[in-house]
Each structure stands twice: as C-alpha cells, then as structure tokens.
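Okay, so here's just one chain, in structure tokens, the form predicted on its own.
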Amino acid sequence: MKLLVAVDENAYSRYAVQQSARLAENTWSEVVMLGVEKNRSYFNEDELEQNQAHPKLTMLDRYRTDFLQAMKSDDGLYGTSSDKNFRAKGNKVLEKDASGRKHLFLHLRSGDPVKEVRNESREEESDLVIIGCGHHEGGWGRGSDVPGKIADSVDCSVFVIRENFVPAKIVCCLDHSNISQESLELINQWVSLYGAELEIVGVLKKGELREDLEAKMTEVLDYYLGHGIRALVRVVDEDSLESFIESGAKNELMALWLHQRSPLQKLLHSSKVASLVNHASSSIMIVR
C-alpha cells in the first residue's frame, strides 16, 4: 500500500500522522509525507539557509519524528537517521529520503494545496490519502474547505481524519456492486487497529434494494465474517442518505464506497463532498 499523508501546521495534522504510522506499521506501507507552502517570489532563495527559505521543511522533520515515535516497534521498518538533507526532485518538489526497509519520503511542494495533493497522489500512484481536519471547520485555515476538495478531486481513496478521533464503529455505505478487494482490506485494517464495530449499510433506491447490491452486501458480510469480524447490516433510503451521513457521531468513521454512476457519487459530487466533510461530526473515508 502507498500512503500519502498531507499535513499542515495544525494539531490535527500531528494526530493524522500518528494514526498513519499505526496503519503503515501494520501494512508495511510505502509512505510520502507532503507539506505545501505558498508560492513566494519576493526573496532570493540562494541567500538563505534551506530551512529559512522553506520553514515547512522543519515541520516535516518534526512530523517524521512523530511518525516514528507512534510506532510500537523499533525494527528499522522506516529509517531513524535524520542527517540527510532535502534535495530538489525535478523543479516542483523538495525531497528528503528517510527510508529504512520501507520507503518514507518527505516532500514539500509550492502552490495550491488541493492541486498539489492531487498531483502528488497521481505522480506517486498513491492508494490512500490521509489528511487531518478540525472538528468544527474544514481545517487548513479557518473556513477552508481544502480537505473536502481533496476528498472530491483525487483518484484514490481518502481518509479525512478528525483530531483525537478514536472510532468505536465504522459505518460502510454502499450503493453499487463494484467493490474492490483493496477497499475491503483497507476497511479490515482500520477495524482491526481500533477494535471497532463494523456496520454495512445498503442504500435503497425508491424503497428497494437492488438484487446485485443485495448479493454484494452478502459477499462483503461473508468476507468480514471470514476474517473473524462481526458485522451488522442495515439499509437506508437514498433520500435520507445525506442526513444519515451527517448524523454520524464523533467516534464513528463513515466510509463511503463511491462509484461514477452511483447515487452516492451524485450526492457527494463537487461541493457536496466539501460541505459534508466540513459539517459532519465523524471522520469520513471515501473508498474508491
């Protein structure tokens, strides 16, 4: 698995980094930790030390330390030496290689956070983007909808995680039958890491559950039961789906399997994702 952990200087990013470490340790993931700074052209970069010209490099080094400290084991899975410098990777990225037996890279880009996270996820072929978010706003600046826009724009799965979030239940909504094995395993990882309950929610269309969706729900249920995970099953009508998602509690993770033609995708298209992420109490994972 390839993880992209997008961070800013707020406390929720530190929490997201710590939770990313738990997943990475459990899955032996390759990890890129990404910071994004504003474009600046009012100083001569050559006249400054690297950390003076790019203060967020220090932030990335600090989060790397948090990442390593969050791991229960110290077996060299990721590198512990911090003596390497950031170097230019092409003309868009400053990179530090902090790898051990598995890849861990720190990247700094300049520009719009949404575009740069999307570009990074594509270039690194990420499987999952993890981004922190505050409880009462989108984060990344008061009133910002950056996490929601990232959740809407990237091609891979996205976990928008709220600070101090410890899931007691993971609620998985599906309205189509194109569920990948990778997405099933991703949910499995989070359930196992937190010892959380699992609930599988099917979406009714005009009050009915399609035959193919019912068959997929049975298949998903059998998968988790086969892994020793007890799962509850329920249904919700598509007309009440948005309010159902927004009603998620702070200790719940709402996981949404999106598909291009699914009612969920239509419901969460464009600004809806940003609005949902900003207003929901729970953490939200978009599973693609």
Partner chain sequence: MDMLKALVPVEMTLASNVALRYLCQKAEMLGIGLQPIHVEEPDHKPHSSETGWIRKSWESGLKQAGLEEVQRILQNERLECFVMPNPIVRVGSREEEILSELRLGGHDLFVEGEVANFNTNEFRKRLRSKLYRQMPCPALIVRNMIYSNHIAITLDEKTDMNHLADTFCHLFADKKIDLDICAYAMDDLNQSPHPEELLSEAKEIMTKRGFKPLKTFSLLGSPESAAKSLHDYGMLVVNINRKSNRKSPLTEVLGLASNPILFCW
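Positions refer to the first chain, counted from 1. The structure displayed is predicted, hence computed values, not measured ones.
Below, we refer to the form predicted together with its partner chain, which is not included among the displayed structures.
In terms of contact with its partner chain in the model of the complex, the residue from 182, 112, 199, 95 that brings a heavy atom within 4.5 Å is 199. Interface membership of residue 214, defined by any non-hydrogen atom within 4.5 Å of its partner chain in the model of the complex, is confirmed. Its partner chain is not drawn, but in the model of the complex it has no heavy atom within 4.5 Å of residue 34. Its partner chain is not drawn, but in the model of the complex it has a heavy atom within 4.5 Å of residue 218.
Residue contact with its partner chain in the model of the complex: residue 235 places a heavy atom within 4.5 Å of it. Only one segment in the set 24-32, 47-55, 61-69, 244-252 has any non-hydrogen atom within 4.5 angstroms of its partner chain in the model of the complex, and it is 244-252. The candidate spot formed by 156, 170 and 191 is out of contact with its partner chain in the model of the complex: none of the three has a heavy atom within 4.5 Å.
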